[in-house]
Ligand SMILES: Cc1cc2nc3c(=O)[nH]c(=O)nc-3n(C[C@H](O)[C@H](O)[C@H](O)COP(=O)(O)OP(=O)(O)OC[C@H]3O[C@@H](n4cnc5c(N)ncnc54)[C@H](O)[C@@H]3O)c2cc1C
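Just one chain is shown here, as structure tokens, and it is the form predicted on its own.
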Amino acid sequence: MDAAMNPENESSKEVYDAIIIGCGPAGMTAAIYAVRKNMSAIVLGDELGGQAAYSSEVENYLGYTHISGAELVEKFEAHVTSFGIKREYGRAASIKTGQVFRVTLEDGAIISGKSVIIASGRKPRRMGVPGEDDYAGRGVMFCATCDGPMFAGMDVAVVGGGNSGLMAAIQLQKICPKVYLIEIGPALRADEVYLEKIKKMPNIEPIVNASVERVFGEKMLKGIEIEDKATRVASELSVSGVFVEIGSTPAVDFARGVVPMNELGEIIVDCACRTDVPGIFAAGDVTTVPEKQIIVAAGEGAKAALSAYRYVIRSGG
């Protein structure tokens, strides 16, 4: 995969058959299907693998009984690299429609194409409490896989009682003496397989019906304040790290006002990954398609590329 940035912006002089925004499972699969149809394609993105890269373990991707997210993404990259697909590092800032689509990157580079596939995935949702921004990267973290090793031997908290929260807690309990698992609802909401696992891990302490009200510290995080939602009583937990696992929001700022979205900010698509703007397609977690799973995203990426191919052919491309 060509990862070099082109300072002279030569990529803007070429009109690609398909511009693929995002290099997670949906984007990488779309790229493979596009080039197999002899389409000229370019992948835009700065985070290879998307959220899949942060999964500590993947047990439901066909062909692998157990593999880490990072290992799976390495295999995706090797597959994409074998096709010589061009990649431009950078985040999309805007899309301009017309006879030719123009995607502007945050660094000012402009990429032109006959079709666009939006596969930009999602970004972590923040708690929105005092101190969160102040201690981001200094105790407030968003990836247990990436940042967990920094907290070996320290007490930590995980905020979020869904699958991602429990997976993070299970991973952290291997290196942390105490892991508080905080869920705002009355019960943890994860799959049964994860619920059964944490029952056997005495250093994970679930705290349900509680919300984080603030984080505090000095140069580094020292603790969090939580509130019992039933009694409204506040208390403090002394932790060196808090891992935020409360879901995510679609990464679609660059496409607002261009394609319709639902109330959650997801791009509305039909069963062929088409938006209501001819020539713009979307795939994966950024869309209204239910079940945000790696294997689903990959399948949607394939569909989007095939739809883009048909569009370009019918448009005389």
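All residue numbers refer to positions in the sequence shown, first residue = 1. Predicted model only: the values in this text are computed from it and were never measured. Take the two forms, find the largest set of C-alpha atoms that superpose within 1.5 Å, and that set is the rigid core.
Keep in mind the form predicted together with this ligand is missing from the figure; the text below concerns it.
Taking the partner from elsewhere, every residue among Ala26, Val58 and Ala119 has a non-hydrogen atom within 4.5 angstroms of this ligand in the model of the complex. Stretch 84-92 is the answer when you ask which of 211-219, 175-183, 131-139, 84-92 has residues with heavy atoms within 4.5 Å of this ligand in the model of the complex. Checking Met39, Ala251, Ile42, Val269 against this ligand in the model of the complex, a heavy atom within 4.5 Å turns up for just one residue: Ala251. Although the partner is absent here, Ala52 sits close enough that one of its heavy atoms falls within 4.5 Å of this ligand in the model of the complex. A residue is said to contact a partner when one of its heavy atoms sits within 4.5 Å of a partner heavy atom; Ala297 meets this definition for this ligand in the model of the complex. This ligand is not shown here, and in the model of the complex it never comes within 4.5 Å of any heavy atom of Ala30. Mapping the unseen interface onto this chain, Arg274 falls outside it, with no heavy atom inside 4.5 Å of this ligand in the model of the complex. When the rigid core is held fixed, the Cα atom of Ser112 travels less than 2 angstroms between this form and the one not shown. Thr145: CA moves less than 2 Å between this form and the one not shown after rigid-core fitting.
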